[in-house]
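Only one chain is shown below, in structure tokens, and it's the form predicted on its own.
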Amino acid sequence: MDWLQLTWDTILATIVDVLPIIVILFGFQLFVIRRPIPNLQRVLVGFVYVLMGLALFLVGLEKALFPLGKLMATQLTDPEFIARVSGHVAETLRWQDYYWVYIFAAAIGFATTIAEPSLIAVAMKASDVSGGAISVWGLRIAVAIGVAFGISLGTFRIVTGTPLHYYIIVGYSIVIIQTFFAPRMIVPLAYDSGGVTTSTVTVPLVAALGLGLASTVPGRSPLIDGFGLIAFASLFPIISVMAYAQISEWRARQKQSTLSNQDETN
């Protein structure tokens, strides 16, 4: 009964959340553009699919993914576990002793990003618009690598207690420099890639990891040190996507140069 009640409540909440979007789309189509909605039946069926899919997706997150992520974060950041695997006393733990936390942070960042629905949608649209020049999986993996590195670095920041703004300033300085050298086609997409990662799958798990880590590391405050991981998850995908484009462009130039040299030799 709890599952049925939760599912029903989630469906109602999803309808309330999606209703403004429906009103705006239909309102502009009928009263501003003043044209009938093409394929109205298919559009209505599509909206029903979206509502049911979102509701079931949220129920799955609430019942399975969130509790599992919170449990893993709590267990991995427990000082007793870290002291046992590192061989040190809990009161004398060093930042190197938290290596399982860094590995878990990178793994969960990569996995949640690959599963992020908003990123999948953006990657598919980017591939369509670019005529296949931007690979769907290439973009998703590039973003996932950026999130994995960013969250792992963010957990290192929590463990060491270094100020958050140092990392953010240096990170965005790198973004500014990359912007001048990256292919113009990829820059707007790279900036958008940082935003789509902070969505329904990634944010709750990353937030739980940060708060759990800040609560267990001696001398850390959950309020001051626990938050900030989402900033890393937004920043580093921008860097990784532009780096992916720059590396691809460099490899293409190298290949073209090699072919030119072969033609001259022949």
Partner chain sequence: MVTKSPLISIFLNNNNITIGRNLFSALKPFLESFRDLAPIVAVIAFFQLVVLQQPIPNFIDILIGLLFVVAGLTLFIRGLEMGLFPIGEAMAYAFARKGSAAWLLLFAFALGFGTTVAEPALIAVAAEAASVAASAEVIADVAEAKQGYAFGLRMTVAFSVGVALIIGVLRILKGWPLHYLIIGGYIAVVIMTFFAPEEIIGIAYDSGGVTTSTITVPLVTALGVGLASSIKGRNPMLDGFGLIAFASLSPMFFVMVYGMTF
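Note that the coordinates shown come from a computational prediction; the quantities given were computed from them, not determined experimentally. Throughout, rigid core stands for the largest set of C-alpha atoms superposing within 1.5 Å between the two forms. Residue numbers count along the first chain shown, from 1.
Heads up, the form predicted together with its partner chain isn't pictured, but that's what we're talking about next.
- Within 4.5 Å of any heavy atom of its partner chain in the model of the complex lies no heavy atom of S135.
- Although the partner is absent from this view, R94 stays clear of its partner chain in the model of the complex, with no non-hydrogen atom inside 4.5 angstroms.
- Although the partner is absent here, F104 sits close enough that one of its heavy atoms falls within 4.5 Å of its partner chain in the model of the complex.
- The closest heavy atom approach of F81 to its partner chain in the model of the complex falls within 4.5 Å.
- Residue-level contacts in the model of the complex: of I145, V159, A182, V122, one residue has a heavy atom within 4.5 Å of its partner chain, and it is V122.
- In sequence order, D17, V18, P20, I21, I24, L25, F26, F28, Q29, V32, I33, R35, I37, P38, R42, V43 are the residues of 16-44 having a heavy atom within 4.5 Å of its partner chain in the model of the complex; the partner itself is omitted from this view.
- Once both forms are fitted on their core, a CA shift of 2 Å or more is seen for Q29 between the shown form and the other one.
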